[in-house]
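Take a look at this one chain, the form predicted on its own, written out in structure tokens.
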């Protein structure tokens, strides 16, 4: 977590940066940068996203726990449902300031006031393109409208942040005039949006340098990712004095999205040593939560939070990173609440296989590892991907494990109840080494309810680390493959995997989970026997 006022050494924070970053540091860098999160407003404008009120409340609470400074909760004027969601977020009493978006219109600002908001982000377009083709207004009319709106909101005791929409395509003299005009109206912050993502980092540096002498209130940036430069442009602006950055979790937002929270926060820490109030260790969790709520998957190769961000397959890379993480990692996975993973494939070396199997409590001899590696490379050459469950199965077979060995955990009863206007509820009975235990739990879906019920009857607390579902065949009766990874809390880094295939997603998920948990318990039992010798 980065909360110190002074600059932190990136290396102390678990970030392994190039030494050249320190050579371009400037005195204009702010001591702290505020994070203005607009996941619930601009993020929800991502095509295909429609968040329920309950979804928004969950995300707002997670953002508060993460430590963002401002949450833009929505655009109040758009609908009754939007206003209801914002009111309920305000009522939570969260730590961040809660903000609402408003055009430079009294009715928009009134809608924000009616939501019990005390912070409004108001905007009007200032580029020639927008003024001529969208607003049909002259620059003077636009300026008057902006000033009138700022004064109106301030007269109602609100904190006001103002944006010149399409600022990065606005004529520079007019942009400066707008900044001076809204400051005369007592605006609290000025935001410069790169509305269509048309800037390059050097251009952003130039623009910020030009407006800073005319901007005496905190300057903020709102960058879009149309050229993949939203985070880079945000960092470039901070370098020359911007003190706040608008972001979305996972880079959500209109078109190609907004600057990604995770990229901006890590970039500030890594390249400038500039702190924020964000607890970076919670980024991984919030990223997954937002992905689940929005149903927008995180690309495997997504910077910072993608599943491949800390995945290593090459034998050379694995050998290096296990000895010294900085050899092949830009920063520590623990810094954002994630863990390193070793991938098995044709580039894998013996050291990687041995290390991977140790995660599952298996210690093979060098000869056994060599044989296993030969099998894996043959499978990989034929186009077969070997996942953790298959690796463990191959290893068990190699060391002569009896696959028919009696399980410690067996499912004896299972039922799940779901439907319209019914909270999914699952009931299970497990035979745990001869003892029958029963339990029931609810969930956000039948699979979630089933897995919650299973974990509720266990003596040990077991965490679900990963759940993967793949369709094997097409059609409504498609076969599916489920792979789960679980961890027994307090048992170090040891994890277990289970896999099952079938046509019923719920039953297949239950079978895979029981298999994974059984392996955990068998390992614990065998470890106890070894310890008693």
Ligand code: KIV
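All values reported here derive from a predicted model rather than from experimental measurement. Residue numbers count along the first chain shown, from 1.
We do not show the form predicted together with this ligand, though everything after this point is about it.
The candidate spot formed by 307, 338 and 485 is out of contact with this ligand in the predicted complex: none of the three has a heavy atom within 4.5 Å. This chain is displayed alone, yet in the predicted complex one of 452, 280, 195, 170 has a heavy atom within 4.5 Å of this ligand; that residue is 195. Of the listed positions (240, 272, 123, 360), a single one reaches within 4.5 angstroms of this ligand by any non-hydrogen atom in the predicted complex, namely 123. By the criterion of a heavy atom within 4.5 Å, residue 101 is counted among the residues contacting this ligand in the predicted complex. In the predicted complex, no heavy atom of residue 499 sits within 4.5 Å of this ligand. Though the partner is left out of this view, residue 41 does reach within 4.5 Å of this ligand in the predicted complex, counting heavy atoms only. This ligand is not drawn, but in the predicted complex it has no heavy atom within 4.5 Å of residue 234. Between 187-195, 363-371, 456-464, 76-84, the stretch whose residues reach within 4.5 angstroms of this ligand in the predicted complex through a non-hydrogen atom is 187-195. In the predicted complex, this ligand lies within 4.5 angstroms of at least one heavy atom of each of the following residues of 203-230: 222, 224, in sequence order.
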